[in-house]
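Coming up is one lone chain in structure tokens, specifically the form predicted on its own.
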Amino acid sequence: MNHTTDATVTGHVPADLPERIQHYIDGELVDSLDGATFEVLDPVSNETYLQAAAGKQADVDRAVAAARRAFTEGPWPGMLPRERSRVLHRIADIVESRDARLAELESFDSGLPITQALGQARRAAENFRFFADLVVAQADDTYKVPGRQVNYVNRKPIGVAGLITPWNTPFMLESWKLGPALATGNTVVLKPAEFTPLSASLWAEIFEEAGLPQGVFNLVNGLGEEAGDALVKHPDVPLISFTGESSTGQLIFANAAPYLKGLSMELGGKSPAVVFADADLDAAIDATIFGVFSLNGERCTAGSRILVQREVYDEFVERYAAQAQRVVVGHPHDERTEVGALVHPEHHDKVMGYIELGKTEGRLVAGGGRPEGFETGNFVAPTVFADVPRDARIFQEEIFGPVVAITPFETEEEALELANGVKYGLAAYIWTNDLRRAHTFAQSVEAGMVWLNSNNVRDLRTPFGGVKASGLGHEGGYRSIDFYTDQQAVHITLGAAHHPTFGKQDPAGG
């Protein structure tokens, strides 16, 4: 039985919610040109709590035009890096000063536990600080040929960046894209996820207060197949940064191809956590519990496949299942809650469908349905399946919820085969006290990011991204600077020009 908070407590509704959510285009809050809206649900009650403007092609056209004007006619791209940095630091200050309110709205809108939402709000501020500092400290390459030539790299902002963000930890992930895009002098059009538009609606006021020039930031709400698709196909948007499902990423890749757009796509994951017999089991269990059940399991880097060496497999499964049953499920606003409500009834149904499937594919050792006392809302008990074969769908497919599959292995070679035996390749977690094994396994595993004897602890200087079906390109640190800028090589000859001479032969052949 899972631990729960008091299920009879009613859901928390933040004070001063807006009556509706509008687009933000060229410094103004506006409705859709055709007046269309869509419903936004509270994950705890699944009741509609407001209407949001539903953007279409015409609304995206209007936003892109504003961003394009701000890029070609406004001051932002031509400002010194230090001047842009000051604005970004002011943005970070404002976000930090409002972290409790941001967390409250994010928790209400997404179902994320309030303590975790607060951490994500603070990370959003840190993302802006990081890129504010990086753009000032950045030094580009210079190459010298003594006495003959100097060559240097000149970075330039590219134009209008289209940013399409997901519904899990939306405010933080929006900041992850907004920070570097703005720091490098681009203008942006943000299309947030339709399930969670509430916290994104706060950016307009934050940016205005920080002094971001009009038209630099624009926001269009709407469905992915309408507003998102229009942004991807817009000829005046040379860059698209997308975080979301791999199937959506394939569609974006195809739709952007005719325009030869720059693409950065962080997609799905089915990341392995590999636990060898010599691992610190206490640390490995704690980390893998957190790694799949934090953020309600709605995280791309979740270690949702745990591969455990046979010698310690039975002990690991028994201890893991017992601890998973003690994970506290509750209302998102309750500070005791460790797993809240999933974001939307459609997603809840998907996760519950995988749980029912899992009961035919593995051995259920924890959870397996709704937590006791939560008969309504998108609540799922942390669920653990053991003895899951490699061809099971719950082993192969991304569930994106509080569900984990545990599979035994005998040898290091078998562990590597299992770890690499899915279409995804985002993250991997390796638990062993054998230093040689740790590094050789890390280099052989097909994953864009690897943590050794560690949970998902991010260093913003390092590249973030995946291989195979988990993504295209990397962001983070200088990789973000690379993506959001054109790198122009400038060559300067010193002294006399040095080149072959054509066209000076005697026409008479003399």
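Everything numeric here is computed off the predicted structure, so don't read it as measured data. Position 1 is the first residue in the sequence shown; the rest follow in order.
Note that the form predicted together with a small molecule isn't included here; everything after this is about it.
A heavy atom within 4.5 Å of the small molecule in the predicted bound form is found for exactly one of V216, A415, L173, A381: L173.
This chain is drawn without the small molecule; in the predicted bound form, the residue among D99, E126, D334, D229 with a heavy atom within 4.5 Å of it is D229. Note on the interface: of 312-320, 82-90, 205-213, 261-269, the segment with non-hydrogen atoms within 4.5 angstroms of the small molecule in the predicted bound form is 261-269. Contact check for F242: a non-hydrogen atom falls within 4.5 Å of the small molecule in the predicted bound form. When the small molecule is considered in the predicted bound form, L251 lines it closely, a heavy atom lying within 4.5 Å. The shortest heavy atom separation between P192 and the small molecule in the predicted bound form is within 4.5 Å. Contact annotation for G224: at least one heavy atom lies within 4.5 Å of the small molecule in the predicted bound form. Contact with the small molecule in the predicted bound form, defined as a heavy atom within 4.5 Å, is made by none of G303, A386 and F409.
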